[in-house]
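A single chain comes next, written as structure tokens; it is the form predicted alone.
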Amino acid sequence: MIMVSRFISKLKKSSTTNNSKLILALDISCELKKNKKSEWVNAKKQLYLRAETILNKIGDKVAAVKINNQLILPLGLYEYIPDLINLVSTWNLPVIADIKINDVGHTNEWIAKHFLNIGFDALIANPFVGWAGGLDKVFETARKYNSGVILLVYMSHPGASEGFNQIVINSQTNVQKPQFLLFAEKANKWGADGVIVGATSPQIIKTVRNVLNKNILILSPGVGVQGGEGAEAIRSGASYIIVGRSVFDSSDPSLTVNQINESLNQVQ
């Protein structure tokens, strides 16, 4: 029997409640300079208030929120981020830590603990580091918290093909496969909750969907500014799309999200 993490249950519930397959990438940030430390307190406060304003406009229209280092670093993991997670929780939305964990096991374990202890529901990790003494500790820690692990399978930027699409030759069988396909197979083997595949590569979404276990979600970033098309990603097999700049840089984020939701919900 497949165990469903709290993250998956929470995501599916919020998606149904808000009729949305859109995950907000809250990738806003600010620059804090060493020689202008007196300005830090106000800059961080203003950044938090901007995040709050965005969430207040669309919190009831999205399926989840993804937060990465652009926001985590200036706000501070133990300073403003817990308050931000509490704010997101008022809409019963899951929060994903987009930190692409990619280190040795004991370090990965502590990274996972720190992020899960303050309330993140899922972690994004890079499968390239491998299992034993690598991501085994991430999965082990996440399962103790009943949280999710999402593996990076194919990114959305132009240079992604240099690594994720490189051909790997099995030295024992001489079978050749692209790196992203091996990562998808690891997602099956390791029991990942989801994978990241860029919406800018719909054919790769299709290929990955055909390989993945049916219960594993595909989350597709790169919609909008990077050129990905949300509805096409969903038609290709994505479960959810991830959108950032097209939403929070919009003059009317609420209207933009409504339009995206409408286009996604029309996909059969």
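Numbering starts at 1 and runs along the sequence shown. What you see is a predicted model, and the numbers here were worked out from it, not measured in a lab.
Keep in mind that the form predicted together with another copy of the chain is missing from the display, and what follows is about it.
ask   = For C30, is any heavy atom within 4.5 Å of another copy of the chain in the model of the complex, or not?
value = Answer yes; at least one heavy atom of C30 falls within 4.5 Å of another copy of the chain in the model of the complex.
task = Examine N213 and determine whether its closest non-hydrogen atom to another copy of the chain in the model of the complex is within 4.5 angstroms.
result = Because no heavy atom of N213 falls inside 4.5 Å of another copy of the chain in the model of the complex, the answer is no.
ask   = Does another copy of the chain come within 4.5 Å of any heavy atom of D103 in the model of the complex?
value = Yes, D103 sits close enough to another copy of the chain in the model of the complex that at least one of its heavy atoms falls within 4.5 Å.
ask   = Do F139 and another copy of the chain come within 4.5 Å of each other in the model of the complex, heavy atoms counted?
value = Although another copy of the chain is absent here, F139 would stay clear of it in the model of the complex, with no heavy atoms inside 4.5 Å.
query = Of the listed stretches (234-242, 197-205, 55-63, 39-47), which one has a non-hydrogen atom within 4.5 Å of another copy of the chain in the model of the complex?
reply = Comparing against another copy of the chain in the model of the complex, the contact stretch is 39-47.
request  = Using heavy atoms and a 4.5 Å cut-off, decide whether V129, H157 and G163 all contact another copy of the chain in the model of the complex.
outcome  = All three within 4.5 Å in the model of the complex.
query = Listed by sequence position, which residues of 50-73 have a non-hydrogen atom within 4.5 angstroms of another copy of the chain in the model of the complex?
reply = Counting only heavy atoms within 4.5 Å of another copy of the chain in the model of the complex, the contacting residues of 50-73 are N68, N69, Q70, I72, L73.
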